[in-house]
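Listed next as structure tokens is one chain, alone, in the form predicted alone.
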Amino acid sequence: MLAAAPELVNLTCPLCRAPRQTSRLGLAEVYLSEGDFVLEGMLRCGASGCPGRFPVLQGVPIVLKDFRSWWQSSTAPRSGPLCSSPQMSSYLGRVVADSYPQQALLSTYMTHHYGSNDDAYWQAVTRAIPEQDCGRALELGCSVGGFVFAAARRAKVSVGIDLDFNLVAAAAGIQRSGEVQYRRLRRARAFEDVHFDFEVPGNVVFLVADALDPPLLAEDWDLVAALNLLDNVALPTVLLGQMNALLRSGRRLVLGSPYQWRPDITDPGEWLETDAMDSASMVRAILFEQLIPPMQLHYQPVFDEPDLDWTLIQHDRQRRSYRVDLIVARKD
């Protein structure tokens, strides 16, 4: 995270949501830095009386309303060494151990974003980024940052947020080092080291934040994307509403999902489908036909790819294949 990142992104406090200027987050304390990057420190809300303080860990700001609940969740850090400064060690209050599932997940997404992104899925996703005048780009659920870096090459600033710390920290590590480094899972017990140079744009910021309650200003973004996130949140209609609130009029929304609904993530009553209407049709009806009038979503289609093949490589003998519905639309 660059020292000027809070001002660059216009982060706002998720605790108080005070008026636009007073709730801005600023860098209050630096415990550990590396060149221009703050590795450990603390952001603080500028509103009078607000207790909002948000840690920066391994170069990643963690801007959540309920940090402690997230800290106990499966998306919190699970690999070490986690921090170096005594101030951050005291704040976090516990030491975490390496986790095989987290390493395997990181392998899968790093391979997808940086090892096999010449497929039809990736070409369609990057085609969704405007060739010119991309302005301020945001991806909700950015994983390890491949789309964020791609958007940054056509944008003034490109921001990625995700709840999974290990994935976001990997993206931030690429940003700092200019190198892609990870351990690729080849079979159940065997990893291999992957290492290559990567051209890093300088206008990128990553943070841990909740896409359903993002610490960002409304109507501040020219491109808002959510790729393979809609079916991975508890309240998908809220996600659509947040994307709409963040996006400026006349600008571009990018939405991709395989609609792989899971009851352990999303209650079936919240799934965007009915017996008579599949998810792809319902999402289009919400965006283009005002299916849910109170949401007041008014979009015009730019292009779509309803059946993109998307393959995730777990290891050399295991792959998962999906068909992704990609919608690109302009907000009226």
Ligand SMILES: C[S@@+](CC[C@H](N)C(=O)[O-])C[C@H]1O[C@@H](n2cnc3c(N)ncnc32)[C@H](O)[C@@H]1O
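In case it trips you up, residue 1 is the first one in the sequence shown, and so on. Remember, it's a predicted structure, so these values are computed and weren't measured experimentally.
There is another form of the same protein, the form predicted together with the named molecule; it is not shown, and what comes next is about it.
Engineer: So the named molecule isn't shown here. In the predicted bound form, which residue out of Tyr109, Trp261, Phe149, Tyr182 has a non-hydrogen atom within 4.5 Å of it?
Structural biologist: In short, Tyr109.
Engineer: I need to confirm a contact call. Of Ala171, Val204, Ala211, Leu247, which residue comes within 4.5 Å of the named molecule in the predicted bound form, counting heavy atoms only?
Structural biologist: For this set of options, the contacting one is Ala211.
Engineer: Can you check 225-233, 191-199, 128-136, 149-157 and let me know which stretch has heavy atoms within 4.5 Å of the named molecule in the predicted bound form?
Structural biologist: Selected stretch: 225-233.
Engineer: Under a 4.5 Å heavy atom criterion, is His113 part of the interface with the named molecule in the predicted bound form?
Structural biologist: It does: once the named molecule is placed as it appears in the predicted bound form, His113 has a heavy atom within 4.5 Å of it.
Engineer: Would Met243 show up as a contact with the named molecule in the predicted bound form if we use heavy atoms at 4.5 Å?
Structural biologist: Output for Met243 is no: heavy atoms all beyond 4.5 Å of the named molecule.
Engineer: Hey, in the predicted bound form, does Ala124 get a heavy atom within 4.5 angstroms of the named molecule?
Structural biologist: Looking in the predicted bound form, residue contacts with the named molecule do not include Ala124, since no heavy atom lies within 4.5 Å.
Engineer: Taking the shortest heavy atom distance, is Gly141 within 4.5 Å of the named molecule in the predicted bound form?
Structural biologist: Answer yes; at least one heavy atom of Gly141 falls within 4.5 Å of the named molecule in the predicted bound form.
Engineer: Residue by residue through 286-321, tell me which have a non-hydrogen atom within 4.5 angstroms of the named molecule in the predicted bound form.
Structural biologist: Going through 286-321 in order - heavy atoms within 4.5 Å of the named molecule in the predicted bound form - there is one hit, Trp310.
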